[in-house]
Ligand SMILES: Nc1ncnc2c1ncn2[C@@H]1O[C@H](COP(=O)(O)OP(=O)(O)OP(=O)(O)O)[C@@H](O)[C@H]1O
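Starting off, we have a lone chain in the form predicted on its own, written out as structure tokens.
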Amino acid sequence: METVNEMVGASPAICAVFDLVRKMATTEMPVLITGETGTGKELTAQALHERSLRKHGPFVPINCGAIPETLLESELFGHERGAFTGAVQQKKGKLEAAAGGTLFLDEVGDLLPTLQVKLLRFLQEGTFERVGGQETLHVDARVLAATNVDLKTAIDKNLFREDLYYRLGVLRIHLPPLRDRGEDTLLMAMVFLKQAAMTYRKSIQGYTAQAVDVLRTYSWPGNVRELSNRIRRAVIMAEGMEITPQDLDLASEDLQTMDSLDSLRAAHRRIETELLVKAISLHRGNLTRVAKDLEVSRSTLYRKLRAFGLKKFVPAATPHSLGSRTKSKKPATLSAQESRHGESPESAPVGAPLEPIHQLS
């Protein structure tokens, strides 16, 4: 997924995905990854590979929708010399290149019916022939597939084989859209800003309070990919020390209205988490200022960070760390009852490193 090298998050939706990755990684079964464009399907496939018994083997991706139909069969299965005009020598395909490792079929719903038959045979028997070849080849490769289309609808339209669908989807992971991941938007915005500031050698110190509000309320139709691209653009366009809504190029009419209802417990968690993330971003990880702004004790703040899994996302207070030097308006306070009693703060220094998905246990 371009320059997005990490998957981070603390929302229940993405934590459920992390749990599935851990459980499915060590199997040899195919996995079908579904989700909207830009949700991180290839990153999820890479995470599965990196935790599998095949992690020392190759990870070979192929985008079934980006290669012309006339060339896709050769790219996937290879061809023999003289198989077609221009085939001046034998060529091994992506499937052979993935031997001992993992083959990732992105946009698998775009496969032609003839290729679906060959793929189904490989999944069932582990065998195939190159284009123009007679020799039956055996390859040991695990297949992961992804799609952003509804394959069941494609089956109803006779565009996708039902038997292939059930063979590919023995195990399934659905990636939630960014709009359903709550506080994760700000967590990833912190990560992407740090990466972009280092890449473009800009001394951006964080987001303005208005930019944080825009990041939280925009609907993100392009999901994580759009978030990453907008932040990279903002870093390039920014003239000051902080990212503004204008740098993000997000107009007020693009913002979504929050008309859905949560349970009381879910709403309480979402509001507290978003307040914590916002305060951490604005104060560049200075937990003393965060605690003062939220009107809680430092020990209560530590407890909240641990309870919501946020402590590992606190950025170190360096020239490239994220946040504002200006004291923000108090967004809200945590409950008074929780601020009276808290555990002793941990002795470990503040500023634990961001946790990429490949570090998940």
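Computed from a predicted model, the values in this text were never measured in an experiment. Residue positions are given as counts along the sequence shown, with the first one as 1.
FYI, the form predicted in complex with this ligand isn't displayed, but the following is about it.
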item: Single option in 118, 194, 225, 79 placed near this ligand in the predicted bound form, where near means a heavy atom within 4.5 Å; value: 225
item: Contact assignment for this ligand in the predicted bound form, among 210, 148, 127, 219, heavy atom within 4.5 Å; value: 148
item: Interface stretch in the predicted bound form with this ligand - options 35-43, 64-72, 295-303, 22-30, non-hydrogen atom within 4.5 Å; value: 35-43
item: 4.5 Å heavy atom contact, residue 247 and this ligand in the predicted bound form; value: no
item: This ligand contact at residue 274 in the predicted bound form, heavy atom, 4.5 Å; value: no
item: In the predicted bound form, residue 283 touching this ligand (heavy atom, 4.5 Å); value: no
item: Contact of residue 106 with this ligand in the predicted bound form (heavy atom, 4.5 Å); value: yes
item: Within 165-180, the residues that have a heavy atom no more than 4.5 Å from this ligand in the predicted bound form; value: none
